[in-house]
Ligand SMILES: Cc1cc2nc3c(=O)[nH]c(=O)nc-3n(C[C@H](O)[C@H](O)[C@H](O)COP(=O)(O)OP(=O)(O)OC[C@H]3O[C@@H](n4cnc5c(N)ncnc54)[C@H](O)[C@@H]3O)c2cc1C
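Just one chain follows, in the form predicted alone, and it is written as structure tokens.
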């Protein structure tokens, strides 16, 4: 059975950054990813543009060339794939970690869908894009309800209801509208939320001119095959509908974190316990890296401000070694 200094769970940008930092320090390591490399980015919308500039998305000292001021999804996939390739990272793809168990000698046994490994340290860099926040309403289980969005072409001449007030909702509403969908947006708050500065005025203007119908201070009550009910300040409104795009955000895999033994805060944010100086959790030798550190507070950590986690963790490990 292979034994590594570090086993990294998650092959996203921060997982790759941890691998690069471990390699730089001369440590043996393995990155295990249950999907493709940077799997979450691969599942982003086709036309997604990052809020960050390219230099803020760089890892391992590799320059990120982009023809746009802010890179798009395809550029990011190309960049991180090239980093993994050029950096010759020890990376296992389409291999899911099933269990991590401590041994008496201080090592951890890691069982995956393909093999078993031993590691002195574990880094959990699993992000938060796997599990959507559900609406918890009747009809949410219908096939026409989508929590992920990829390409607007699919919704040509369809009646699309978008739930949410932030970036994802704005992108879905505008892109599907421009591809010929009849778009309605439902927002719990009295106004639009935190939206990219180049997108928000566009959506506001489309709402003002009536091209996109918006219900503010409202919520979706029930979804049926061909219509939906919306609770508005003026009462319940029923409208015809073909697809519901529930852009309500995502959350870390708390079940997996608890299965590992990582403690969570008892409030609604469910912050995983860790030392912000070293990123070590309540489990000795087990670390968190990237956006998973924020729990339900998914707006705290991004690629650009969590890259430093890789350096903190490896510095702590090498200091111990």
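Note that the coordinates shown come from a computational prediction; the quantities given were computed from them, not determined experimentally. Numbering follows the first chain given and starts at 1.
Quick note: we don't show the form predicted together with the ligand, though the next part is all about it.
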| query | finding |
| --- | --- |
| The ligand contact at residue 310 in the model of the complex, heavy atom, 4.5 Å | no |
| In the model of the complex, residue 126 touching the ligand (heavy atom, 4.5 Å) | yes |
| The ligand contact at residue 291 in the model of the complex, heavy atom, 4.5 Å | yes |
| Close approach of residue 195 to the ligand in the model of the complex, 4.5 Å, heavy atom | no |
| Candidate stretches 265-273, 42-50, 278-286, 22-30, one within 4.5 Å of the ligand in the model of the complex by heavy atom | 42-50 |
| Check all three, 145, 203 and 245, heavy atom within 4.5 Å of the ligand in the model of the complex | no |
| Answer option from 97, 230, 107, 174, heavy atom within 4.5 Å of the ligand in the model of the complex | 97 |
| Members of 1-25 lying within 4.5 angstroms of the ligand, judged by heavy atom, in the model of the complex | 9, 10, 11, 12, 13, 14, 15 |
